[in-house]
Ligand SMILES: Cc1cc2nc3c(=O)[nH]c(=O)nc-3n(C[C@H](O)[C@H](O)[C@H](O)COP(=O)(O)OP(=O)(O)OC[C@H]3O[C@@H](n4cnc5c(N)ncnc54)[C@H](O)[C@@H]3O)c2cc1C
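Presented as structure tokens, the chain that follows is alone, the form predicted alone.
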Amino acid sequence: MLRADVLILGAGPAGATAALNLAPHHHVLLVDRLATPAQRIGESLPPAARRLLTDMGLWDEFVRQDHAPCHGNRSVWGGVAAEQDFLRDPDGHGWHLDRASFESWLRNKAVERGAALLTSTTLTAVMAVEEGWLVTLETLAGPCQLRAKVLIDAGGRNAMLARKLGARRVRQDKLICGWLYGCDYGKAGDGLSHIEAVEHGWWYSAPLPDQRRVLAFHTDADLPIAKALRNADWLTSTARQLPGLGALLESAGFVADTDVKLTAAHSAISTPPAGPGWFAVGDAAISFDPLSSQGLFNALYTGLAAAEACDRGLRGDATASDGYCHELESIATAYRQHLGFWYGEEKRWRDAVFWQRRQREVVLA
């Protein structure tokens, strides 16, 4: 039987961050169903991430990597075209990342610091036992059992482990995202993200490392327009007709070269996000609307915060999970207020279902 102080389910940014902070002091097993990180949308890292990376001793190595700087945001929202730069931000600029490369780097740092990494593995059963948990894992070599003192769910929006441990998953909307990658041979050096509101949702595009660009459309899964999201030709041709985004794609010489991928993008929270002997981190704790540009930052922050709380718990602090829950409750409250404000700024399509839903959320907030 395997044994660990901490079992972390999910080796994405949140799970790997928790692992690399816990591994120097505890026996950590990091488990993921994928052998290597998949390419996925969610590549924007805001300037404040510099503080987290510095605190974790990762900053110097991070800046040596070839990530594209993000100097701010360009938006067509509420009928107004605007730019917001990071020139006055004390942390400097943000970044547009090669997401898969960034995740691989975090996994490697966790292993360098002492974590064990087990890939192509899923959790099939969990049971509370004396002084911790008994977990069954399905590996390439077959099933095995593990005893762990603490469990951390870093498995994403599904929050499968947290739900098994008694958390309730509260989903706040039906937002989905259709996205693809393409070549960018134009003036992508401005390093700006672009957001543009339309009648049934909103568009996003950003330059990436190695002359790449991401293009994405966000809408609600139950609206008729969502049926077109899997069509790459529709996605690119519709984007090219927009006044702001169309001109940007033309100047970039954008050519799509991947299929469309769909991903959940709704806001959600696990209640509670932690309990005696377990924590949820990243999307498994709080899932952010991509409009906030906080998803990847939240993964790093909650991964670090849970690692610190977990360490306190392993050292005898019985209130460690309570403090973590209170911290995430404050984050969720602030997030809802800020998101309501930004959606409330768009008033052009009062009769459109997508915006009616967001206006109701603003009123409720």
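Numbers follow the displayed sequence, beginning with 1. Keep in mind it's a predicted model, so treat the numbers as computed, not measured.
The form predicted in complex with the ligand exists for this protein as well; it is not shown, and the discussion that follows is about that form.
*Thinking of the ligand in the predicted complex, which stretch from 321-329, 55-63, 35-43, 308-316 has heavy atoms inside 4.5 Å of it?*
Selected range: 35-43.
*Gly156, Pro272, Gly201, Gly277 - the one with a heavy atom within 4.5 Å of the ligand in the predicted complex*: Looking at the other structure, the residue within range turns out to be Gly156.
*Looking at Asn231, Ser251, Thr263, Thr139, which is the one with a non-hydrogen atom within 4.5 Å of the ligand in the predicted complex?*
Of the listed residues, the single hit is Thr263.
*Any of the heavy atoms of Gly244 lying within 4.5 Å of the ligand in the predicted complex?*
Judged by the heavy-atom cut-off of 4.5 Å, Gly244 is well away from the ligand in the predicted complex.
*Can you check whether Ala11 is within 4.5 Å of the ligand in the predicted complex, heavy atom basis?*
Ala11: contacts the ligand in the predicted complex.
_My question is simply whether Asp283 lines the interface with the ligand in the predicted complex - judged by any non-hydrogen atom within 4.5 Å._
Close contact exists here: in the predicted complex, Asp283 approaches the ligand to within 4.5 Å, heavy atoms only.
*Interface membership of Arg213, the ligand in the predicted complex, 4.5 Å heavy atom rule*: Residue-level check for Arg213: no, no contact with the ligand.
_Residues of 324-352 having any heavy atom within 4.5 Å of the ligand in the predicted complex, listed in sequence order_ = Nothing in this stretch is in contact.
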